[in-house]
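Presented as C-alpha cells, the chain that follows is alone, the form predicted on its own.
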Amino acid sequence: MRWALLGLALVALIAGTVGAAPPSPVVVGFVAPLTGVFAPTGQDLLNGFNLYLAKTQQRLANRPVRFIVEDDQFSPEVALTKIRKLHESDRVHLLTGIINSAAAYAMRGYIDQQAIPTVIAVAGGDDLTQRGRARFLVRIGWGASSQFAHPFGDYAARQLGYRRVATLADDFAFGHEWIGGFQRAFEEAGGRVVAKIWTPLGSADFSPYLARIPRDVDAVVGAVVGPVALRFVRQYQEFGLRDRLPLIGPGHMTDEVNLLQMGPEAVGLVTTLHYSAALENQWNRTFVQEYRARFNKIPNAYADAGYSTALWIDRALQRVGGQVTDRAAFIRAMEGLVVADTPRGPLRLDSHGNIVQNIYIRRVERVGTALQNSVIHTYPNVSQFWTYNAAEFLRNPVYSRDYPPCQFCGR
C-alpha cells in the first residue's frame, strides 16, 4: 500500500508539472520613427533591442516577451496616439523606445496618470528628468541633452586650450540645451563664447551662417544633428574654415552611419558622446561583433541605446522576479539598479531617474580604410547635474536659446 501511495503521488506530481501553464509573456511596447527622415535612427534603435532579445531567446527575466512595435513617424501627436493604443488595447506592461523629445514631453502626463513604467531609450530633453520629472519615467539611453555638453565644455577649455569660440547649432530644443550646457561649463573653466549662431533645423545651405563666424576665435562648436551633419561638415571645409578654425561638437556629427559617407573632411574632428563603436572593453567588442554579424554594419549610439535599454529592463525585471504587475516595485527596482556590463560602460540612475554614465571624448581617425571615433579621454560616471548641486541646478531655468545669456557676444 505504501509503495502504491508513493507511486500515485509521483504520478500526480508529474502530471501537475506537465500540465502547468507556461509563464505569461511580458508585453513590451516600443515606439520610434520607422518611416520618414528619422527612420534610419529608429531602425538602429530597434536593431539593438532585437539583438538583445535574440540573445535571450525572446525572453526577459526568463519570461517570454510579446514585443509590439509602433511607428510614431517622429510626430508627438502620432506618438501619443500610439502610446494610448499600446496601453488601452494591447495592455502593455511597460513602454520603451521614444526618440523624439517633443513626443516624450507630450506623453509624459498620460504615462504618469496611467502609471505605465516607461524606459526612454533616446529622447534627451533636459526637463524630462529634471524640473518636470514623471514618476513612472526613467531615461537609460542618451541621458539629458546637456549631460555630455558639460564635460565637453570643460575639456575644450582645460585640455584643448580654447579661450574664444563661436557656436553654430540647430535652432531647436536639443541645440539650445546642448549649447547651453557647453557654454556654462566652458565659461566657468575660463573660456568665452563670443558668438551664438542658430540655423534652421534641416538647413540645406549653411554658407550664410558660416559667413557670420568671427575671425578672431580659436574654434567653432557645431551642434548640427542627423543626416544634415554630413552637409554641414563638408560645407565647413568647402568654405575654407577647416584649415584655420578647428570644428568640434556633439557626437551626432560623426555618428558611425555618417562616417561611412565621410572622407578627409572628418579626419581630426573632436566630438563627445557616451558611446563609440571603437570603445575598448570586452562587452563592446562582443556587441560590435554580434551586431555586424546580424545586420552587416557597425553599430552606432542608437544601436547601443536599444541593446543597453533591453539589458537594463531585463536586469530590473530579474530584481522583481519577473513580476510586472506591481508597477511601483518595478520602478523602485530600476532606481537601485547598477549594470556594469553594457557596451558603453557602467550604468546607474540618479535621484531624478536619469542615467549616470561615462562620457567619452573622441577624435575621428582613419584606421586601415575606415574612419572611426577613437576615444581619447573619459569622464567617468557623469550625472545630468555635472559637478553642480542638484537643488541649486534646478533653481535655474532650463537651458534655452537665451540661457545662459551670451555675456561675451560681440566682445
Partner chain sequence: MFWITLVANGVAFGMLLFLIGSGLSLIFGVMRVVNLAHGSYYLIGAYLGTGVAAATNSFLLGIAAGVVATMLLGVVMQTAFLERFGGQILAQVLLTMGFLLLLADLSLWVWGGTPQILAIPDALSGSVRAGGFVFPRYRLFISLLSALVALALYLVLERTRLGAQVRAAVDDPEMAQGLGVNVPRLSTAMFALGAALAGLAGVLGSPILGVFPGADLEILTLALAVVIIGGLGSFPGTLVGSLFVGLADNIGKALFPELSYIAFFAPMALILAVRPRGLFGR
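Positions refer to the first chain, counted from 1. These numbers come from a predicted model, not from an experiment.
Here the subject shifts to the form predicted together with its partner chain, a form of this protein not shown in this document.
S.K.: Sort through 239, 105, 283, 295 and report the residue having a heavy atom within 4.5 Å of its partner chain in the model of the complex.
M.R.: Selected residue: 239.
S.K.: Please identify the residue among 328, 260, 211, 338 with any heavy atom within 4.5 Å of its partner chain in the model of the complex.
M.R.: None of the others qualify; the residue that does is 211.
S.K.: When its partner chain is placed as it is in the model of the complex, are 183, 188 and 195 each within 4.5 Å of it, taking any non-hydrogen atom of the residue?
M.R.: Contact check failed for every one of 183, 188 and 195.
S.K.: Although its partner chain is absent from this view, report whether residue 40 comes within 4.5 Å of it in the model of the complex, heavy atoms only.
M.R.: Contact check for residue 40: yes, within 4.5 Å of its partner chain in the model of the complex.
S.K.: Evaluate residue 157 for contact with its partner chain in the model of the complex, applying a 4.5 angstroms cut-off between non-hydrogen atoms, and reply yes or no.
M.R.: It does not: once its partner chain is placed as it appears in the model of the complex, residue 157 has no heavy atom within 4.5 Å of it.
S.K.: Is there a heavy atom of residue 216 lying 4.5 Å or less from a heavy atom of its partner chain in the model of the complex?
M.R.: No, residue 216 sits far enough from its partner chain in the model of the complex that none of its heavy atoms falls within 4.5 Å.
S.K.: Answer yes if any heavy atom of residue 64 is within 4.5 Å of a heavy atom of its partner chain in the model of the complex; otherwise answer no.
M.R.: Judged by the heavy-atom cut-off of 4.5 Å, residue 64 is well away from its partner chain in the model of the complex.
S.K.: From the candidate stretches 229-237, 315-323, 130-138, 86-94, select the single one in contact with its partner chain in the model of the complex, where contact means a heavy atom within 4.5 Å.
M.R.: Going by heavy atoms within 4.5 Å, the stretch is 229-237.
S.K.: Just to make sure I understand: among 372-411, which residues lie within 4.5 Å of its partner chain in the model of the complex, judging by heavy atoms?
M.R.: Counting only heavy atoms within 4.5 Å of its partner chain in the model of the complex, the single contacting residue of 372-411 is 401.
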